[in-house]
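Heads up, the chain below is alone and in the form predicted on its own; it's given as structure tokens.
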Amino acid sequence: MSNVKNASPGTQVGFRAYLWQFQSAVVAVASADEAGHAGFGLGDGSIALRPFDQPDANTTRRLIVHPDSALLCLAASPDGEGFVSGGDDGRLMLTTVDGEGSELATVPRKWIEQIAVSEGGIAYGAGKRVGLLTAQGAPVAVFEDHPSTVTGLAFNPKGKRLVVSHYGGVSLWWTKSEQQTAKRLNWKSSHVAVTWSPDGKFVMTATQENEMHGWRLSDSADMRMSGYPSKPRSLSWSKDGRWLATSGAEVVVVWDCKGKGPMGTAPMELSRGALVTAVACHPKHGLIASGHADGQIKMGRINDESSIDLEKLGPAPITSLAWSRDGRYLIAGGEDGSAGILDFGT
């Protein structure tokens, strides 16, 4: 179904919402911008496709990429023509929107639960192993010197370094050489997600102890941000790298990362409601979309700290949000298989 809404007088936010239901949970969503498709990674091992120019199509194309297995992670491919996915079959797959699939890597008896993509490469995590590939899928290096299972991956803005989170901190690797020793940034905790700021100044992690931890890379100084009622697993940066939006509370917690970093400062709070389970900063404007445990999607605006309700996707928690590169479309998926595309170009 579809709806056209203007959120509230004076907000100037008009959009059309296209909503539907899958039989399997939506694990992750991504935008293949060059191909003009939204991708929904489903727990049944498939990727469901919807074209942005026909989001209300009566049928959804399904690509079975991990047969008889579960899809665990999804990202747009480096060229924007398809998707990279990992599954509990230990396979890393590259799939175009036309349905052409190729196996990029396989790790027997391991789950590929983490992937990161940059314009220049692809990284995946399976157990303690991290594999690094070119953007075309050719193998570059394998890094296995990690103290525990890999929990998160992120490239730096130029794609020349890779950060890997695990128990006890993070490891930094160069992407052009296999023979190297990782630089460790240590903090005794179980780190469950990691991100690298767009300006390259900070590496931030979410921890099992319901905190954010970070390192200022210029001097390896630690930063600790606590007070979350739940683990802040979803992290998203504003385009300029100043603001870091996080889930894990009944508001979107937004840290100001200008200067020496956010430690010791009070965060901004946006979009109060049920527990925030997913966040996605707009790629061009100071807006932050949030998904909540009750299926609600909200939008917060940084410059005046205002918030509005956008759409109720379904009754279950939102699992993933992603913007198209031009910021026109917001893709959303839920734990119960609810899914949607919000078109702000109306």
Partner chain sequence: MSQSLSDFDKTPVTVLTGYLGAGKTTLLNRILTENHGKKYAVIINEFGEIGIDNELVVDADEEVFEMNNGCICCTVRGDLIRIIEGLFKRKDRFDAIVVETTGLADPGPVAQTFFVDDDVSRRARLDSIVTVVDARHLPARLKDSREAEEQIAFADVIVLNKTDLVSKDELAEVERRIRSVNRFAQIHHATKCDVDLAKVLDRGAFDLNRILDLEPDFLKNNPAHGEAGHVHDEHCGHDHGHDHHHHDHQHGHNPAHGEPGHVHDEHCGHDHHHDHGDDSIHDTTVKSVSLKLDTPVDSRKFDAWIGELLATKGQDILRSKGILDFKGSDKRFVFQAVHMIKDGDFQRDWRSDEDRFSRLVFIGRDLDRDALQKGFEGCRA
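Since this is a predicted model, take the numbers as computed values, not measurements. Residue numbers count along the first chain shown, from 1.
There is also a form predicted in complex with the partner chain; it is not shown, and the following applies to it.
Since only the chain is shown here, I'm wondering whether L19 would be in contact with the partner chain in the model of the complex (any heavy atom pair within 4.5 Å).
No.
Report whether the minimum heavy atom distance between T60 and the partner chain in the model of the complex is within 4.5 Å.
Result no; T60 lies far from the partner chain in the model of the complex.
Hey, in the model of the complex, is Y167 touching the partner chain, heavy atoms inside 4.5 Å?
Y167: yes, in contact with the partner chain in the model of the complex.
Is T134 close enough to touch the partner chain in the model of the complex, meaning at least one heavy atom pair within 4.5 Å?
Residue-level check for T134: no, no contact with the partner chain.
Look at the stretches 262-270, 111-119, 93-101, 173-181 and give the one with heavy atoms within 4.5 Å of the partner chain in the model of the complex.
Of the options given, it is 111-119.
Taking the partner chain in the model of the complex as the reference, which of L287, A48, L310, V27 has a non-hydrogen atom within 4.5 Å?
The option sitting close enough to the partner is V27.
Consider the chain as shown here, without its partner, and state which of D240, D145, D88, D256 has a heavy atom within 4.5 Å of the partner chain in the model of the complex.
Partner contact (heavy atom, 4.5 Å) among the options: D88.
So, a 4.5 angstroms cut-off on heavy atom distances: do all three of L153, K201 and S236 pass it with respect to the partner chain in the model of the complex?
Per the other structure, none of L153, K201 and S236 touch the partner chain.
Who in 213-234 is close to the partner chain in the model of the complex, meaning a heavy atom within 4.5 Å?
G227, Y228, P229, S230, K231, R233 sit within 4.5 Å of the partner.
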